[in-house]
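Quick setup: the structure tokens below cover two forms of a single protein chain, split into structure 1 and structure 2.
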Structure 1
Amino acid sequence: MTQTRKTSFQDVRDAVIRRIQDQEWPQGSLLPTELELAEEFGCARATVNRALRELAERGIIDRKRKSGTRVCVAPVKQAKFEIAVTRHTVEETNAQYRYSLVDRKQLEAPEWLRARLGLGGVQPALHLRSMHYADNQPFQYEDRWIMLDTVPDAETENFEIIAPGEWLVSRVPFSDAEIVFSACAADETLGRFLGTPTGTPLFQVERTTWFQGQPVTYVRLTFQPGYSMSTRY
């Protein structure tokens, strides 16, 4: 059964991709207009538009009114990482997850934290340090500050059972965030909790989060030695 289905936006998108790969439309060259493509593919202009819009979002083509659509010369690769709560990251590897609170203190936000959040003045904050284990092996050390002016409920939560990350996502629907990936050396504390010698190179993620313009939390997640994050695109 060779079905003669209606041309979908995916057909158009894939055909365009193929032509770019085959250098039929080389880098920097101008594509036909939406109307011309719609005629060629026998579909509505809206269908072509959706296909091309998707490719533009992926950084493959560049669209401008009046000038038209061009193939990007130096396509900027976009790598998308999915950041889940630590429990899910661990359980996805079929390992048993365990969480343990190390320390909980209510303090004033230190100078460096206020600077990072763009705040002046005195700010009450909760400082939490905790460990995440996979199959009882150290997986991740978490050092977190929660801003109590933004999330006052945190003051009465002891965080002995539920990890602060999970507690927060259940309270704060979603938020703006800045995320930083880097390498650091294990200091004495990290070495002790992650079971590795001082000086071991470790992968770390820092995340700063705002909700409706208010600072929610800053967290530094340091992973077990050898950990890596990967993705495809």
Structure 2
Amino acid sequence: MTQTRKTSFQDVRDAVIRRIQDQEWPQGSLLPTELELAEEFGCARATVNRALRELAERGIIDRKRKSGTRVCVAPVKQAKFEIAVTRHTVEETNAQYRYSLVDRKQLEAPEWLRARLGLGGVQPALHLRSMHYADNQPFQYEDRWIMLDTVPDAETENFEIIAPGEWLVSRVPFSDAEIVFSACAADETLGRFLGTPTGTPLFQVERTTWFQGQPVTYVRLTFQPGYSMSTRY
């Protein structure tokens, strides 16, 4: 007996995209309701909801509670950047990963960091510097601050075995993030850790994350010469 495959949210999503591309549903037009689409595709309403939610996140449709779902007049593509674990990034290239903690200090957050995070007064923080290697070659220098009022468990973690970024991803959720990409010239410290002459152009990422309005961490990641980063949208 042949078993019929259930309609997935990907099926619904792709069908909606095709109809928009074929001008069956032109820009600004109102889509059928979730219930109507569920009946048409023979699936649960929750399946349709998930498909439409993804299309809304991609800027293809606009969903409003009382006025329904419409095709965006000027669809906006949104690039999504995933916070990757450095170990995974290295291992995906079939290289052997190694992590080393350079130093760990608990102190008050400096004025420049409090200003960046919009904080006032004394704020306890953990300052961590570490190195990541691929096949024993310098891959990434990490300079990180963890805010202990938001992440008190970090105070008792020594970070000698697990990198702080990997620890945070597995332990602490975040609701907002700010990411800045830039180029920088290697100073004496970066040159020493990344094994490159002073003044060498390097790729740098600065990332700040918050959870429910409270700052979690600020990190500056600097990569070895020649590193590039890509995202899909």
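Here the rigid core means the biggest group of C-alpha atoms that line up within 1.5 Å when the two forms are laid on top of each other. On a predicted model such as this, the values are computed, not experimentally measured, just so you know. Please note that residue numbering is based on structure 1, beginning with 1 at the start of its sequence.
Chemist: The same chain appears twice here, once per structure, so which copy is the form predicted in complex with the DNA?
Modeler: Between the two, the form predicted in complex with the DNA is shown as structure 1, not structure 2.
Chemist: Relative to the superposed rigid core, does Leu52 relocate between the two structures - that is, does its Cα move 2 Å or more?
Modeler: Yes, its C-alpha moves 2 Å or more.
Chemist: Can a Cα shift of no less than 2 Å be assigned to Phe203 between the two structures, given superposition on the rigid core?
Modeler: No, the C-alpha moves less than 2 Å.
Chemist: With both forms fitted on the core, give yes or no for whether the Cα of Leu221 moves by 2 angstroms or more between the two structures.
Modeler: No, shifts by less than 2 Å.
Chemist: By how many angstrom does Arg19 shift at its CA between the two structures when the core is held fixed?
Modeler: Its C-alpha position differs by 10.7 Å.
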